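The data below hold one chain only, encoded as structure tokens and taken in the form predicted alone.
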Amino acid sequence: MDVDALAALVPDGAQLALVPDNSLSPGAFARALVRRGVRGLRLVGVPVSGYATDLLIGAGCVAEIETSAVTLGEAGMAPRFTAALAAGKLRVTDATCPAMHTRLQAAEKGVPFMPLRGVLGSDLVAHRPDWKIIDNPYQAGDPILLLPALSPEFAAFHAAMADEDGNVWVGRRRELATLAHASQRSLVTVERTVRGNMLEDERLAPGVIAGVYVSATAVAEHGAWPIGLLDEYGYDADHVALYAKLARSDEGFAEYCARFVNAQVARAAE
């Protein structure tokens, strides 16, 4: 299927996990969701959020988000996230990076919770009634924090390639394997498809997520753009800076969408 058909698999109100800009961000998929006009998404930043998340928030696609941060990195704050938060249009559940990874690891392992120590003593615990502090059953007077497992309804990311058996290659970004294992459905855009089974290739297999954990794929060339993809292409700092500038206002964001989202502008045509 194409990327718009892939985006059509996500219903209104769905819980959708998105990866940060330093991972394999699904830029083309996020733009397809905007074109589809999806509403009421409950986003999960794994463990933080970036361009794709800010774009979806600006387009009115998001009702709530759980994440450790939303940022455009060197391009500054995420402008549409900041505006929506200030206007009271977005519900935000705060977390930490280790907490988000720990919750996904619990779901991956099929256990209802996992312990974590580092968050203890922070103000965050008081604002998360779903996080429980108990005494270490193996050592008296040693409190430990329990975090509930997190199994997102959907996860989306971009990969370099998929093969005929539905396996996808993510290279060294092995945290995406945990995300795929933990999520109920994984939707993956790829640069290209290749013949054969990558799990049978000793060089490729360590960077492969097995097709049993991948619900659907779509070919989207430069599908991570303007974010970079492994050794395939680099981060487009100029474009992200342009987005950050335009997205400071409603009018600028509308202009951005008209130029780069609604018209399905490819990187090569920018």
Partner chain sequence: MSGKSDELLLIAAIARLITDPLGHPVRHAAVGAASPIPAAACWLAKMQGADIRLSLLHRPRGNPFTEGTRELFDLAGQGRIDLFFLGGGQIDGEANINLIGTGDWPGTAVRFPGSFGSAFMYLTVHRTILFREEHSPRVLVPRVDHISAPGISPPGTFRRGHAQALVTGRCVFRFDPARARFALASLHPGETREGVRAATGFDYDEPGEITVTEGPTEAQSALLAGPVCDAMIETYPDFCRRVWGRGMKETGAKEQAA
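In this text, all values refer to a predicted model and were calculated from it rather than measured experimentally. Numbering follows the first chain given and starts at 1.
The discussion below concerns the form predicted together with the partner chain, not included here.
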| property | result |
| --- | --- |
| The partner chain contact at R42 in the predicted bound form, heavy atom, 4.5 Å | no |
| Residue contact check: D163 to the partner chain in the predicted bound form, 4.5 Å heavy atom | no |
| Heavy atom of S68 within 4.5 Å of the partner chain in the predicted bound form | yes |
| Contact test in the predicted bound form: E200 vs the partner chain, heavy atoms, 4.5 Å | no |
| Residues P143, R174 and H222 all lining the partner chain in the predicted bound form, heavy atom within 4.5 Å | yes |
| Candidate from A180, A95, A159, L187 lying within 4.5 Å of the partner chain in the predicted bound form - any heavy atom | A95 |
| Residue (of V212, A237, A216, A63) lying close to the partner chain in the predicted bound form, criterion heavy atoms within 4.5 Å | A237 |
| Those residues of 99-119 which, in the predicted bound form, come within 4.5 Å of the partner chain by heavy atom | H101, Q105, E108, L116, R117, G118, V119 |
